[in-house]
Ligand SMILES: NC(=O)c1ccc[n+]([C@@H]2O[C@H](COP(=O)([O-])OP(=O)(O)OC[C@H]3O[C@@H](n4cnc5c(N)ncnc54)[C@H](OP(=O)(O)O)[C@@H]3O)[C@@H](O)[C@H]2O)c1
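Before any questions on binding or motion, here is one chain by itself as structure tokens, the form predicted on its own.
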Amino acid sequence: MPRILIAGCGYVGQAAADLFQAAGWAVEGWTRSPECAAATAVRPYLVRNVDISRRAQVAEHAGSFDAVMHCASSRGGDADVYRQVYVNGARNLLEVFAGSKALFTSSTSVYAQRDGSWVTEESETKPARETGRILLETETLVLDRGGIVARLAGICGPRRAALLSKFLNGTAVIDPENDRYVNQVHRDDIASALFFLLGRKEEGAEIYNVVDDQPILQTECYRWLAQRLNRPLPPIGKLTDQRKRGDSNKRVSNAKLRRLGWTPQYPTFADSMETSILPSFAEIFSRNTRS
């Protein structure tokens, strides 16, 4: 029975852990949040409270694993938090579990293109923000040890959809002069991609973009939501908020991963919304209607 450690057993990590466990893997999950560890006690696998940025804690719980996945989140922290979670966390995992196959979930925010062009794993990576440069530094650590890097697009899924949330709470704005492509991927498609990559027999350091099939302009997302929910379009205005993933505008290709045989269950924005995300927001719709 193969064994896997999932360091960062949260929104994405739990979905991946469930897939590996269902496929017969022995799964152990780690989370730095005691509350999260307690909440996952009902899962059919062990979840420990471990902070991977602390070498002593990682070493204390060292074991034998065929694969080690680093998908811990910075929880929106600054550059110092990024360095602790990603660089220090990856270094600790790589050194303590030197014989295990490693996978790191990075981000497509490392691509800083702003011209709407298509980007692949070979495209230039020159992020403007320090957090993006820290992700690249972490990627190098993993790749130098023969590991896999999965660059995730914006994550969506049940109870998690940034554009829908803005649309519903009235903070969405259509800015024709600053329209941009949105690159997203459903949580369950991320989990299936991670399972697919670690289940392959081929070894070697590689980078893969994990994203759906169809980048879509942000304005078109809002138009689709307005039509689907029978609500007015957001007002036209000037975007003033700083984007969490940076001010890039690009279309991220998943062709490399698809060529290996991976297929997303939710290939488009509409597919994710219709069959997974909108039903999970039903309570919010009901609350808004009552008010």
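Throughout, we count residues from 1 along the sequence that is shown. On a predicted model such as this, the values are computed, not experimentally measured, just so you know.
There is another form of this protein, the form predicted together with the named molecule, and it is not shown here; the text below is about that form.
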{"property": "Partner proximity in the predicted bound form: V50 to the named molecule, non-hydrogen atom cutoff 4.5 Å", "result": "yes"}
{"property": "4.5 Å heavy atom contact, A112 to the named molecule in the predicted bound form", "result": "no"}
{"property": "Distance check, R75 to the named molecule in the predicted bound form, heavy atom within 4.5 Å", "result": "yes"}
{"property": "Close approach of M273 to the named molecule in the predicted bound form, 4.5 Å, heavy atom", "result": "no"}
{"property": "Region of this chain that lies against the named molecule in the predicted bound form, out of 146 to 154, 195 to 203, 120 to 128, 216 to 224 [heavy atom, 4.5 Å]", "result": "146 to 154"}
{"property": "The single option of S107, S100, N92, T138 touching the named molecule in the predicted bound form, heavy atom within 4.5 Å", "result": "S107"}
{"property": "Option touching the named molecule, based on a heavy atom within 4.5 Å in the predicted bound form, out of R160, R133, K166, R180", "result": "R160"}
{"property": "Residues of 1 to 33 having any heavy atom within 4.5 Å of the named molecule in the predicted bound form, listed in sequence order", "result": "G8, C9, G10, Y11, V12, G13, W30, T31, R32, S33"}
